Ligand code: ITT
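First, one chain by itself in structure tokens, the form predicted alone.
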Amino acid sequence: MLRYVTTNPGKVREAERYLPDGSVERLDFDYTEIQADGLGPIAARGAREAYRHADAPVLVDDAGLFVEGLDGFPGPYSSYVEDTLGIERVHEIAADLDDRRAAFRCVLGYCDGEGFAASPDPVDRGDRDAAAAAGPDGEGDGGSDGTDAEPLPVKLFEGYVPGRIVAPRGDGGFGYDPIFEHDGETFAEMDTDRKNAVSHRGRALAKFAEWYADR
């Protein structure tokens, strides 16, 4: 059984669209979210910590909104920025930019305590065991009790959806959905099926499911 580490049941329902029936369940575990400039190290660190907690295969995701004209801000800090500045303020900042292109990105981290065959295909993102297992400083993260431990390999899968920042529209979704427009609609204007079909998390899950089918 695969454990999807999240407090949001909706993420598990989305994962069930891509994985075999009964193969995934939600795990509510508050892993440490490190500070990093990219999503990959955060998801990898969380996946290793969650695996040590669950002693079972786990899937962790980290996602963010990356605004081109703001050098990728808020990126990995999207949740904090939403809580402190709010999405309306992010829109106001972006409204003065010449380039309001943006992207939602999601990185899934998978860990089951075993190694992975190296391969250069896009699903694998070219990661090797040692590189995927390394923490943000290139070293293992150690055990959950702070002692040294053998680094655990983590497989990473990325999803990406392009768009642009607009004035808030729509009553659905959550987070930055009202100010993120893709293909003429904000995420908050899309129904659940439409949003899931194009979402960054869905695209990452599709890549993961393709690989996981042979795991």
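What you are looking at is a predicted structure, and each value in this text was computed from that prediction instead of being measured. C-alpha atoms forming the largest set that superposes within 1.5 Å between two forms make up the rigid core. Each residue number is its position in the shown sequence, starting from 1.
Below, we refer to the form predicted together with this ligand, which is not included among the displayed structures.
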Query raised in the report: Any of the heavy atoms of F157 lying within 4.5 Å of this ligand in the predicted complex?
Result: no
Requested in this report: Classify E33 as contacting or not contacting this ligand in the predicted complex by the rule of any non-hydrogen atom within 4.5 angstroms, answering yes or no.
Outcome: yes
Requested in this report: Please check if Y110 has a heavy atom lying within 4.5 Å of any heavy atom of this ligand in the predicted complex.
Outcome: no
Query raised in the report: Is there a heavy atom of M190 no more than 4.5 Å from a heavy atom of this ligand in the predicted complex?
Result: no
Report summary line: If we test each of G175, P153, G40, P57 for a heavy atom within 4.5 Å of this ligand in the predicted complex, the one that passes is G175
Query raised in the report: In sequence order, which positions of 191 to 215 have a non-hydrogen atom within 4.5 Å of this ligand in the predicted complex?
Result: K195, H200, R201
Query raised in the report: Would you say K207 moves between the shown form and the other one, meaning its CA shifts by 2 Å or more once the core is fitted?
Result: no
